[in-house]
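To begin, one chain is listed below as structure tokens, in the form predicted on its own.
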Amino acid sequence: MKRWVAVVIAALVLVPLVASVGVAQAPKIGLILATGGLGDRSFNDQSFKGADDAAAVIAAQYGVTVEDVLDYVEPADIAEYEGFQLQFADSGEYAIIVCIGFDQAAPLEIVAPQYPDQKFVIVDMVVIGDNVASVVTNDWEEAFLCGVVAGMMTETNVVGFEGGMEIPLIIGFMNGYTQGAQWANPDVDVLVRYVGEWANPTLGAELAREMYNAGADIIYGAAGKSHLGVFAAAEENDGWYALGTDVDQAATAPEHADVIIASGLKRVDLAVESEIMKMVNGTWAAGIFSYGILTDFGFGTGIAVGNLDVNQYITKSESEVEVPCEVILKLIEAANGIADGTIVIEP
């Protein structure tokens, strides 16, 4: 098990210190990342950032180190999830256990009922339980906005999508991207490939080359560490470009800022941070919490593109690719349409 930084933002209410009792013990967080681990410069890294940012505040409040607050693990295979969930819960050390990724749902449905007093969070899937908070995101919204960019900026009228696995979650990305591209450009065709795993950038590059050689000039990756291969492949030809996902990947992968036009945004860091903050402040509750443009929260998805912050959904990117003003105007129209319900995305 590895230890790292973590825990909460905002005003935290500390337990009063009593001389006879001594210093109150800082609440601890257990973080179980998705397979693929850290270094994907996207979903896992963003999830870790949320726990890390939160943990830094807790550490400062209690006068301890971040390592004292946050423990995290990087499972190499989905078969390890249940064991880590059990290990964290059985220790009794953690005020909250955060499980990252849709495929942690099945083991959590087994583990959570065994520890009714343990607070769990799962990201990207729903698990019903009195001690589980399920965080989901309208991923298709960020994908739609990326599709708008691809549809408007393609010069071949062929674009591509590379997903990690052909599962409902990633199919939602693909559908949103396709609908966005065709909303902006009815003449565009969308090629689709699935890597079948989350941490194989070599295969990701190979599949990207297939699509580029078949006529695609822009490919959107939603495959974790695997779609880092899309960026590498795009570097091989002056006419090939890419779109990142979940974070501004022109910033997290700056060596590819010359080919990453834009990136979809999924603020899973804020969602993770928020759940930890609620635990600390005593407002945490089980249930389903949806983030995105068209949700009660009204935020959580968007796009990093261009060199100016436009609104909460369209923010500047570290990309070195010039994006025409008409693309930004179309993105504003798209974001407004999603927000007011005039654009309906079918995930």
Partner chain sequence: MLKRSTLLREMGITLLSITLAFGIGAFIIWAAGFSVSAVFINLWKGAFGGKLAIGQTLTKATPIIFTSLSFLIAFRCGLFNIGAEGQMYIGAMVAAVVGAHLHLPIVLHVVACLAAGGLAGAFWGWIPGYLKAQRGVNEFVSTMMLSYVAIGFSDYLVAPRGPLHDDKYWANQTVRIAATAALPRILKPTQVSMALAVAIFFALLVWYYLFRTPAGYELRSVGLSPPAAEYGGIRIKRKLILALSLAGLLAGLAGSGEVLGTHFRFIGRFSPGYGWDGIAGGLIARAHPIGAIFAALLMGALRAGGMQVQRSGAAPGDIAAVLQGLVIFFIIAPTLVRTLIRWRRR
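Residue numbers count along the first chain shown, from 1. Since the structure is predicted, the reported quantities are computational estimates derived from the model, not experimental observations. Each form is matched to the other, and the largest set of C-alpha atoms that superpose within 1.5 Å is called the rigid core.
Beyond what is shown, the protein has a form predicted in complex with its partner chain; the following relates to that form.
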What stretch, of 69-77, 182-190, 147-155, 253-261, brings heavy atoms to within 4.5 Å of its partner chain in the predicted bound form? 69-77
Is residue 167 close to its partner chain in the predicted bound form, meaning a heavy atom pair under 4.5 Å apart or at it? yes
Can any non-hydrogen atom of residue 173 be found within 4.5 angstroms of its partner chain in the predicted bound form? no
Is residue 83 near its partner chain? Define near as a heavy atom within 4.5 Å, in the predicted bound form. yes
Any non-hydrogen atom of residue 114 within 4.5 angstroms of its partner chain in the predicted bound form: yes
Looking in the predicted bound form, is its partner chain within 4.5 angstroms of a heavy atom from every one of 199, 210 and 212? no
If we test each of 125, 203, 270, 95 for a heavy atom within 4.5 Å of its partner chain in the predicted bound form, the one that passes is 125
Which residues, if any, of 87-119 lie within 4.5 Å of its partner chain in the predicted bound form when only heavy atoms count? 87, 88, 90, 91, 93, 94, 102, 103, 105, 106, 109, 110, 114, 115
Taking the rigid core as the superposition reference, indicate whether the CA of residue 66 shifts 2 angstroms or more between the shown form and the other one. yes
Answer yes if the Cα of residue 30 shifts by 2 angstroms or more between the shown form and the other one on a rigid-core superposition, and no otherwise. yes
